[in-house]
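Read the single chain below, which is given as structure tokens and is the form predicted on its own.
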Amino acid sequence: MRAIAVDSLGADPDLRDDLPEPGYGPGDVVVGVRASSINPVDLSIVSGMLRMVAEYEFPVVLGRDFAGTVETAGDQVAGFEPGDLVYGYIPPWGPAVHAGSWAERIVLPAGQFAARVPAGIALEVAGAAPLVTITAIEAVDAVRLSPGQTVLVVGATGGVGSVAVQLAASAGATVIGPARPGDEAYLRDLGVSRVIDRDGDLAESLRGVDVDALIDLVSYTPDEFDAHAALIKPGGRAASALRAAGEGPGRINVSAAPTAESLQRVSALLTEGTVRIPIQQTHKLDDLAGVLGEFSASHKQGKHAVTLD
């Protein structure tokens, strides 16, 4: 079976064609993967960063999101059968860092990490949606936006940010996004009300503006997060997607939990058109091994999709 994997810590990702076909149990489904996407956590896995939370079991297959076709369903599976189009998200560890979606076939517990692809949603979109949309939902829920409030989204052009600004705007909030000048049209199309220079003095740009909430998608340390949290008004709420919020009232760390309920919310948002997933670039599985370094250094506007067809 073909897959993109790393064989040891410090090794470069490589396209393998000799991995065994995955085994499955009575409550599992085997999915033939047809689409996926690149997420920053894939780079964290390659760098060994996840050793702090789980053991690595090599070879480690990369990739988290997936969309594809059910090929086999275990005897105890209800609600899925061969031929169904499904999508979802494989957690980075479970309990070891090992399984991923950049493979021709994956195995997962039915109904836990997968849902049916909503009617009318392209597989390329479904394969890029789960992780970023679930994370964005958690972040927007955490800051409890009300109509008329103002939220600062740091990292607005990235995969999670592109969804978070849509959710915030649909909640009736005024969305401010630090970005490059060339990002303004992109962000305004997603619902951002005001674009400020991300490389300028943010405090000066926001002088006189009451910012009620912060969604920080770029800070890796509490000090970096604190610098952004200082821009919101006293008593405001601030959420981090990178566990940098620290402790204190109104500070929340969020993460993507792939459950049946969270995937149902993603499906509803995609079906209603409340959220769309901008695809900046599409890659083929065979090319992924050489793409990750380029992805890390590139400026993001939405998602990088992956296709296996």
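All values derive from a computational prediction rather than experimental measurement. One-based numbering along the sequence shown.
Beyond what is shown, the protein has a form predicted together with a small molecule; the following relates to that form.
The contact residue chosen from 154, 110, 229, 86 relative to the small molecule in the predicted bound form is 154, the criterion being a non-hydrogen atom within 4.5 angstroms.
Interface residue among 48, 246, 40, 250, judged by heavy atoms within 4.5 Å of the small molecule in the predicted bound form: 40.
Contact check for residue 135: a heavy atom falls within 4.5 Å of the small molecule in the predicted bound form.
Mapping the unseen interface onto this chain, residue 241 counts among the residues with a heavy atom inside 4.5 Å of the small molecule in the predicted bound form. The closest heavy atom approach of residue 100 to the small molecule in the predicted bound form falls outside 4.5 Å. In the predicted bound form, the small molecule sits within 4.5 Å of a heavy atom belonging to residue 158. Segments offered: 268-276, 53-61, 28-36, 255-263. Contacting the small molecule in the predicted bound form at heavy atom distances within 4.5 Å is 255-263. Every member of the trio 131, 218 and 298 reaches the small molecule in the predicted bound form with some non-hydrogen atom inside 4.5 Å.
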